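Here we start with a single chain on its own, the form predicted alone, put down as structure tokens.
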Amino acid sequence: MSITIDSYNTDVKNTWCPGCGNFNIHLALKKALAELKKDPSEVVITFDIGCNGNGGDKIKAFNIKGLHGRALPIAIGAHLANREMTTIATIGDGGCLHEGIDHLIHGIRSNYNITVLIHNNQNFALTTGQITSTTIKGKRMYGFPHGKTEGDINIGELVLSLNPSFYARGYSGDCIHLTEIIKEGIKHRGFSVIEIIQLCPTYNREFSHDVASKLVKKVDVSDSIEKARKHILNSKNLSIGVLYQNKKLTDYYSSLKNRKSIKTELVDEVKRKNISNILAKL
């Protein structure tokens, strides 16, 4: 049986706002997995709370929905238990850079072999448009009618400062290009961070497709963090593509000396134990 996009479709009706970037992000993810010939039974996808988390029942795979900002540790645990699975964490900019920022930092540092999709729509859309760390300073949002007072976090600048093995940026308005980026992230052996510039027509109307399409600029893969950082800090364009990749960094599991000669996966080593004698003493 051939693997197609339809192999990943479910009967659950989409509830995202018309024009939401999640439609194209989900399509790109399904298309990438299908083109890589990954069967849904070979894929683990972890979600957190948010608009992106509402996609947990809209794609066939082994899906796990966790607490806000906690998609990454769940994905890391699933990967370490069974490396034969293709593991993907999908998380919003709010959850990732607020409760989950420590997971992102240490995931990059440890270089676990998973792919992370950060949906960056610059707001907490599910709870009616509050500010996040990526919301531009001064922007008026729900709860901040006079504008955001704090500074913002540039995801690319943060990731590149941590010596990652893979960082890419895509745009939800270009599904075909985003598909190719996701494929490269999945094929990369290491912690692949993919920031997705996501349209939010309800709570970030100023950043429309007409505005974004004039700013995005496709660039080639770079093996230089300095060059990648220049793309990220370029205020005239929003560079999209695989902006940095280092294939020389060893992924976490491959660095474990105590697992070098062991061929089985951790999930295969779990044994059933009879604990009736322990329970009888309670």
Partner chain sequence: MKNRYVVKFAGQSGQGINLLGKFFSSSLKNLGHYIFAYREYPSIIRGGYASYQIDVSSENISASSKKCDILTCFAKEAFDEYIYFVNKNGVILHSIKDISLDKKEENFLKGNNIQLEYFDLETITKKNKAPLVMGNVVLLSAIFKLLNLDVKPLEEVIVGHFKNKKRIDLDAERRCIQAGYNFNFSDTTKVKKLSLGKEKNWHNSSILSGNDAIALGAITAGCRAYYAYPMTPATSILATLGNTYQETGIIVKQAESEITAALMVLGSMYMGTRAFTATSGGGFDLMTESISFAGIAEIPLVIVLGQRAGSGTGVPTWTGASDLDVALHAGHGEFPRCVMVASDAIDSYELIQDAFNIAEIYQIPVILLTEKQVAESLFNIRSLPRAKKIERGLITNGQRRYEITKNGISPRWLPKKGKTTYLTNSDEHDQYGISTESESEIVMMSEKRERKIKTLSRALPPPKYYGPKDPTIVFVGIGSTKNAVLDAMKITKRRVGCLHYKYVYPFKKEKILEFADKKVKIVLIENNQTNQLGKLIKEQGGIYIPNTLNKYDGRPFFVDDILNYLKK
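Residue numbers count along the first chain shown, from 1. These numbers were taken from a predicted model, which means no experiment stands behind them. Rigid core: the largest C-alpha set superposing within 1.5 Å between the two forms.
What follows is about the form predicted together with the partner chain, which we do not show.
At a distance threshold of 4.5 angstroms between non-hydrogen atoms, N82 is in contact with the partner chain in the predicted bound form. Although the partner is absent here, Y112 lies within 4.5 Å of the partner chain in the predicted bound form, judged by heavy atoms.
At a distance threshold of 4.5 angstroms between non-hydrogen atoms, S239 is out of contact with the partner chain in the predicted bound form.
Under a 4.5 angstroms non-hydrogen atom cutoff, the partner chain in the predicted bound form has I64 among its neighbouring residues. Within 4.5 Å of the partner chain in the predicted bound form, a heavy atom is found for every one of K60, R70 and G77. Note that among 249-257, 213-221, 26-34, 231-239, the stretch whose heavy atoms approach the partner chain to within 4.5 Å in the predicted bound form is 249-257.
Though the partner chain is absent from this view, in the predicted bound form it lies within 4.5 Å of a heavy atom of just one residue from E206, E157, D102, E150, which is D102. For the stretch 120-137, the set of residues having any non-hydrogen atom within 4.5 angstroms of the partner chain in the predicted bound form is empty. The two forms, fitted on the rigid core, differ between this form and the one not shown by 2 Å or more at the CA of K271. Between this form and the other one, the CA-CA gap for S276 and E265 narrows by 3 Å or more, being smaller in the predicted bound form.
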